[in-house]
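As a starting point, one isolated chain is supplied in structure tokens, in the form predicted alone.
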């Protein structure tokens, strides 16, 4: 088969080279190559590789090893990444840095205690006065609404509606300067001291 194919190719190519040589053209192309450069080889047939037989005992042993490794990994607790913000520095834990409280005289401590009691009484009276004023205002409003309902139902319903002009609200746009389109921010230099933890 390969011999017949090589003969056919030789005849076709020899005719084409002869016609080109008559025309006086020197063409270099893979289609018009000399016959001596053509080589044919015998077709080779390959066999599929035989699969290696796997011993089922070996598979079981490998699985058991993997299970043991997984159990060991599960027993070891995962290493947590420390949060540096929550760690108190050793400088602050030094007992020599503790500041002792200033010693006050008996008269000074009694005066401060009496002043604190007086302040508590004043704030309690102020709170009770505010509560009483709110209660009296609400009671007066309820009585006025009842009287208005007797006079006119329409006025009563209009009084129940919220008044938007009671608390005037004015809103303006953003007061910040809008960003510049062509502004290039300078790149600051800094030392990156971020710690990288690997688990």
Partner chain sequence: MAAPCRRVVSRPVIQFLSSFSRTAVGKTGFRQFSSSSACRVTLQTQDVMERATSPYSLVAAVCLQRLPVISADYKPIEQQFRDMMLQMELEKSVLSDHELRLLEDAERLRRKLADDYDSDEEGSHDDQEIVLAQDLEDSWEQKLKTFQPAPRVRDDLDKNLNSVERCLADSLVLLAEQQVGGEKIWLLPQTQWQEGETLRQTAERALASLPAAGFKATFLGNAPCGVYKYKLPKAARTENSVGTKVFFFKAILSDSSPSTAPNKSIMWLKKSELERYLKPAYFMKVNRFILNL
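Everything quoted here is computed from the prediction, not taken from an experiment. Numbering follows the first chain given and starts at 1.
Not on display, but discussed next: the form predicted in complex with the partner chain.
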property	result
Contact residue in the predicted bound form, chosen from 54, 66, 133, 60 - any heavy atom within 4.5 Å of the partner chain	133
Candidate from 115, 87, 81, 76 lying within 4.5 Å of the partner chain in the predicted bound form - any heavy atom	115
Heavy atom of residue 70 within 4.5 Å of the partner chain in the predicted bound form	no
Touches the partner chain in the predicted bound form: residue 104 (any heavy atom, 4.5 Å)	yes
Residue 124, heavy atom within 4.5 angstroms of the partner chain in the predicted bound form	no
Partner proximity in the predicted bound form: residue 92 to the partner chain, non-hydrogen atom cutoff 4.5 Å	yes
Residues of stretch 135-165 in contact with the partner chain in the predicted bound form (4.5 Å, non-hydrogen atom)	136, 137, 139, 140, 141, 143, 144, 145, 146, 147, 148, 149, 150, 151, 153, 154, 155, 158, 159, 161, 162, 163
